[in-house]
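The chain that follows stands alone, in the form predicted alone, written as structure tokens.
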Amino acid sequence: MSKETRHAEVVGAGFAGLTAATVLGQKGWTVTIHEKSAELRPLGAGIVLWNNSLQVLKAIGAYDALEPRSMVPPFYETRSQNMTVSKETFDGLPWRSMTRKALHEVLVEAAAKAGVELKVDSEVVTADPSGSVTLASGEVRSADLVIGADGVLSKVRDSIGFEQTRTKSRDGITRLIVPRNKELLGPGEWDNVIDFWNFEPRVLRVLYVPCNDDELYIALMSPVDDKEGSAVPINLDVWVENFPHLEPILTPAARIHGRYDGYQTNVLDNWTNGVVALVGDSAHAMCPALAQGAGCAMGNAYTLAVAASTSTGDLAADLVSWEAQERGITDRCQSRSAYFAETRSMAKGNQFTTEMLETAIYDPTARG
């Protein structure tokens, strides 16, 4: 195919797939996204985005729609045994909190504006490095570029046989959206992101993230082997015993079934094979300690689409070069996130050093 008529098949309509598809569409590609679910919807509850992903949103024209649906918390506050140990501002580094629903909707809008075809109930079961995908229906679709953005259980990745090392953590998390209920929480700096850590009488953590005036994202962490702490719906008595001042937000949380997910880190030997490239959790699933799973996914999706669009000859070789360009910063973020998850040392506070903010500071759009 000529450069003007290049076509991409993107598997997965999450943040990474939508970002890559939008950039490709804006650069003149025809693009089809396949989403196996019956509707376009995000997984998870709330999210924090840093400079790297915010710059991507600006570059694809989605930031202005997201800004009024999100907020900038004054501080990232860390509390241990319900005592404040640090308040961090990141020296002016851009960051915002929001619901995943808000982020997903602006990305869907951006993809549609870029002319991307969005297909739901469309499950891709295999992919071929030469440039094709096979649907559950048996249909085979050819492309100049195939992007596997189909998550931690990626069929694109596994059907091709990418080698990976998967490491599971001792902890996991339940993510929920609940009402802010600021008036019931009483006096306090309830616009902050607050990271509550308790080690006595048991290890439990509540990450409190205001998303806007009305909605609050809470992430409830407990060890995998703590059956009461990891129960869904949450065991209200257990959580209120450890965080009594949070009862006004824990009570509505207990009415939501939710889902408990163990932390894991997936490291692949390679992200590309032929004209197939992997992004997001399919390539580099990581523990959420540095809040960079989506950031790395969107950043790598952006630079992948740019690299593919500037290729003038050997796309497979250009994809290898793209991986070499982006791999180091993502690998370091994965490793640091796994370290924090394993040691639980975020509880000490003041952990967002310049080194730990490397990924957040990075601007993927400066690459092109």
Ligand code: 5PR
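The shown structure was predicted, so the numbers you read here are calculated from the model rather than taken from an experiment. Start at 1 with the first residue shown and count on from there.
The same protein also has a form predicted in complex with the ligand, omitted here; what follows describes it.
Engineer: Counting non-hydrogen atoms within 4.5 angstroms of the ligand in the predicted bound form, say which of I60, L319, V31, V48 makes the cut.
Structural biologist: By the 4.5 Å heavy-atom cutoff, the listed residue in contact is V48.
Engineer: Going by heavy atom distances of 4.5 angstroms or less, which of Y76, F196, W239, W271 would be at the interface with the ligand in the predicted bound form?
Structural biologist: Answer to the contact question: Y76.
Engineer: Counting only heavy atoms and a 4.5 Å cutoff, which of 211 to 219, 177 to 185, 161 to 169, 246 to 254 contacts the ligand in the predicted bound form?
Structural biologist: This holds for exactly one stretch, 211 to 219.
Engineer: Look up in the predicted bound form whether W190 has a non-hydrogen atom within 4.5 angstroms of the ligand, and give yes or no.
Structural biologist: Outside the cut-off, so no.
Engineer: Can you tell me if V206 lies within 4.5 angstroms of the ligand in the predicted bound form, counting non-hydrogen atoms only?
Structural biologist: Answer no; every heavy atom of V206 is more than 4.5 Å from the ligand in the predicted bound form.
Engineer: Answer yes if any heavy atom of G131 is within 4.5 Å of a heavy atom of the ligand in the predicted bound form; otherwise answer no.
Structural biologist: No, no contact at 4.5 Å.
Engineer: Does any heavy atom of L357 come within 4.5 Å of a heavy atom of the ligand in the predicted bound form?
Structural biologist: Looking in the predicted bound form, residue contacts with the ligand do not include L357, since no heavy atom lies within 4.5 Å.
Engineer: Who in 286 to 302 is close to the ligand in the predicted bound form, meaning a heavy atom within 4.5 Å?
Structural biologist: Sequence-ordered list: P288, A289, A291.
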